[in-house]
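Just the one chain here, laid out as structure tokens, in the form predicted alone.
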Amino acid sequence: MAWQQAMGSHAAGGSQAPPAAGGGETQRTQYPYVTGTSVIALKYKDGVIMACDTGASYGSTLRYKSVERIKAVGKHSLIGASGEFSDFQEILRYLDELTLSDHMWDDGNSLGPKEIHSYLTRVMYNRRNKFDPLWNSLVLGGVKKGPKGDEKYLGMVNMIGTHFEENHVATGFGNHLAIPILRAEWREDMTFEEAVKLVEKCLLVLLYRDRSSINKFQIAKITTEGSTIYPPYSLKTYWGFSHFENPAQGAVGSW
């Protein structure tokens, strides 16, 4: 199978770097340097919506302002990533090879989001076992026709291979701040417009509370008709809240 061939090239030692000129070995990322923050995704009536900002931090410095961390994978899936951006680029290379190999079978079938999510869990867990993890949390969503009609799928996997499927997911800081909002307000029959409003509410909370977030966001959706990644845009903010004027007031500690 296509995924087995690709798995053989990456999970079974294919990710080892070639020797560099001069006799040494090329080193893979051992510590995250350029990182992206939260990704939020949820199912809605017609498909799956995914969103994140376009910032990437070099350590604690918000260095890059136009980094796209949501990509289409094949015909039926979207992937979004938090964490080390160069590792995400490596994962995208794996997925390009996987989808190309699958397409070359020319059997009228194509990998769906469930299969790609399963493949990613194996890759992440394998690299974790080598003590050379890919420093990412990945969100994989998509829609594909199945025995019961159009089947929506949404799952995530982190850098040590922990994975699950859910109706709504969030990575990074969003796992603490956005998930309570999603649990309270998400509905299975939400329209796309309602889903966008809910996602924007979560993004705004993260913008206020996450120092690594910037006010430049990108939203993507995928339905049976295909994927759409919208251009980045900003949200209207309000910084006049009293708690923002003196955030250290009443805090425990010397600062």
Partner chain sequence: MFRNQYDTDVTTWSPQGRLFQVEYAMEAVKQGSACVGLRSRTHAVLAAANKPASELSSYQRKVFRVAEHAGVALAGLTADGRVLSRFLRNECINHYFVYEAPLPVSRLALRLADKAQVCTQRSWKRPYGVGLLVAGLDESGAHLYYNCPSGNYFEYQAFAIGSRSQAAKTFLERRFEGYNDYTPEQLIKDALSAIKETLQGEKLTSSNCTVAIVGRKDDGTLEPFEMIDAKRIQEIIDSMEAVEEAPAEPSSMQEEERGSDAAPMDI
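Residue numbers count along the first chain shown, from 1. All figures in this text were calculated on a predicted structure; none of them were measured in a lab.
Same protein, other form: the form predicted together with the partner chain, not shown, and the subject of what follows.
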note = From Leu134, Val139, Val73, Leu111: within 4.5 Å of the partner chain in the model of the complex by heavy atoms is Leu111
query = Of Leu98, Ala81, Ala170, Val157, which residue is found within 4.5 angstroms of the partner chain in the model of the complex when only non-hydrogen atoms are counted?
reply = Leu98
ask   = So, in the model of the complex, is Lys148 in contact with the partner chain at a 4.5 angstroms heavy atom limit?
value = yes
request  = Using the partner position in the model of the complex, report whether Lys144 sits within 4.5 Å of the partner chain, counting heavy atoms only.
outcome  = yes
ask   = Taking heavy atoms only, is Trp105 within 4.5 angstroms of the partner chain in the model of the complex?
value = yes
task = Flag Arg122 as yes or no: does it have a non-hydrogen atom within 4.5 angstroms of any non-hydrogen atom of the partner chain in the model of the complex?
result = yes
